[in-house]
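Just the one chain here, the form predicted on its own, laid out as structure tokens.
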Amino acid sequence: MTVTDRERDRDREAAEDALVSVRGLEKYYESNQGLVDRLLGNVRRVKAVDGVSFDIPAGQTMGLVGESGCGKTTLGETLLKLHDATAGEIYYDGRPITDLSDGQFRPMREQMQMIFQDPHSNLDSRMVIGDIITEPMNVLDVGDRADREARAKELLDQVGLDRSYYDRYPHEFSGGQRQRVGIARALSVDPDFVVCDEPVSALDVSVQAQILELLDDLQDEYGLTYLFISHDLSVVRYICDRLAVMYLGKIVEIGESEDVFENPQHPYTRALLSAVPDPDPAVDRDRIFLEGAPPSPENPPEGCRFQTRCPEKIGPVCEEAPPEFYDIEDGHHSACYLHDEAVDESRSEADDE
């Protein structure tokens, strides 16, 4: 069944209680065009994020997963207004922030920070660790010089690094240590919400576990709210309370993390989960192989975005219009016609004929 008015009321209540809420968010980019297109006024747009909605309750972690290029990082950066949204609404603690100017949004940057993916490229090699950590405090005019230095050294302790590292350069550290510096930098202005953009994907497996445990401990200590972007479903299951699955700019399934893992409802989610390695070699997992590559976000298919690769495609209905979100159980939704009762009835009638 589709999402009912009662469920929409429940969603509105959830949005009021959430720290971060997104409604119909879009982020389009104009693609590079040739001379003829420019002369004719033809505008081609890359639909990086296309009509996304979700809520992140305070103190929880929302996981965002999907293949490379599906729009995960763009979504995270748009939430922090590193990009201007094309359409839709972003609410922070109940306040609409989508249309705030840079000047109006500047004070809120203390509350919203980001941990970047690559620990080797996101730290300025010309700056010492102390200057890297204190830079956000300098930019946002938080405390005086002595306060900033004290805060930076305190954070070095909290992320598991020695205070003596304050005057060293990034090239002197391992990838895991650099990522700890990146975490300290994000926390330097005492934010409430942190976008973690694949924070462990560039690290060794043993180091990944250490960083995930650190993020978990910091969340408990500071009451942080995370958007955790990843392509590694094993990592997401460990750290996330809720999970959103993204495909070609759209959310196709969302729900409590364990609900999605134990009862995946969208064919794309099932394909992703089938690829997760099992530590028990005796387990015979039925791998779902998807044919072809994702379509271009500049020219996505009509109807369901996944229909060109879907192993469970129903028929023409999948090509005609995008599916609505269907309610699987409390808070668990899937955007797939497999859950449409009317479509199921028409298929049964066709089979009978």
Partner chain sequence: MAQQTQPVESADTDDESALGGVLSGRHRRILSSLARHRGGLVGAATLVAVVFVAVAAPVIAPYDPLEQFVGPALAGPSTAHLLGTDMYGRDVLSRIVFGARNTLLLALIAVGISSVLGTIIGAAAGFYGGWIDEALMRGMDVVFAFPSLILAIVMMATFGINMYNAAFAVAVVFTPQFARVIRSNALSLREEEFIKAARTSGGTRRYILFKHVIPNGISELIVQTTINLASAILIMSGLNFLGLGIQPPKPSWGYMLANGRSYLLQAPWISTFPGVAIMIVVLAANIFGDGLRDALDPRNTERVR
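Since the model is a prediction, treat every value here as computed from it, not as a measurement. Positions refer to the first chain, counted from 1.
Heads up, the form predicted in complex with its partner chain isn't pictured, but that's what we're talking about next.
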* Structure fact -> Here the chain appears without its partner; judged in the predicted complex, the stretch of 75 to 83, 218 to 226, 240 to 248, 260 to 268 with heavy atoms within 4.5 Å of its partner chain is 75 to 83
* Select from the listed residues 89, 213, 154, 204 the one whose heavy atoms reach within 4.5 Å of its partner chain in the predicted complex. => 204
* **Contact residue in the predicted complex, from 190, 147, 93, 118 (heavy atom within 4.5 Å of its partner chain)** => 118
* Asked: Do residue 169 and its partner chain share at least one heavy atom pair within 4.5 Å in the predicted complex?
  -> yes
* Check whether residue 124 has any heavy atom within 4.5 Å of a heavy atom of its partner chain in the predicted complex, and answer yes or no. => yes
* To do: Consider residue 256 of the chain shown here, and say whether it contacts its partner chain in the predicted complex, taking contact as heavy atoms within 4.5 Å.
  => no
* Examine residue 252 and determine whether its closest non-hydrogen atom to its partner chain in the predicted complex is within 4.5 angstroms. => no
* Would you mind checking 136 to 154 for residues with a heavy atom within 4.5 Å of its partner chain in the predicted complex? => 136, 139, 140
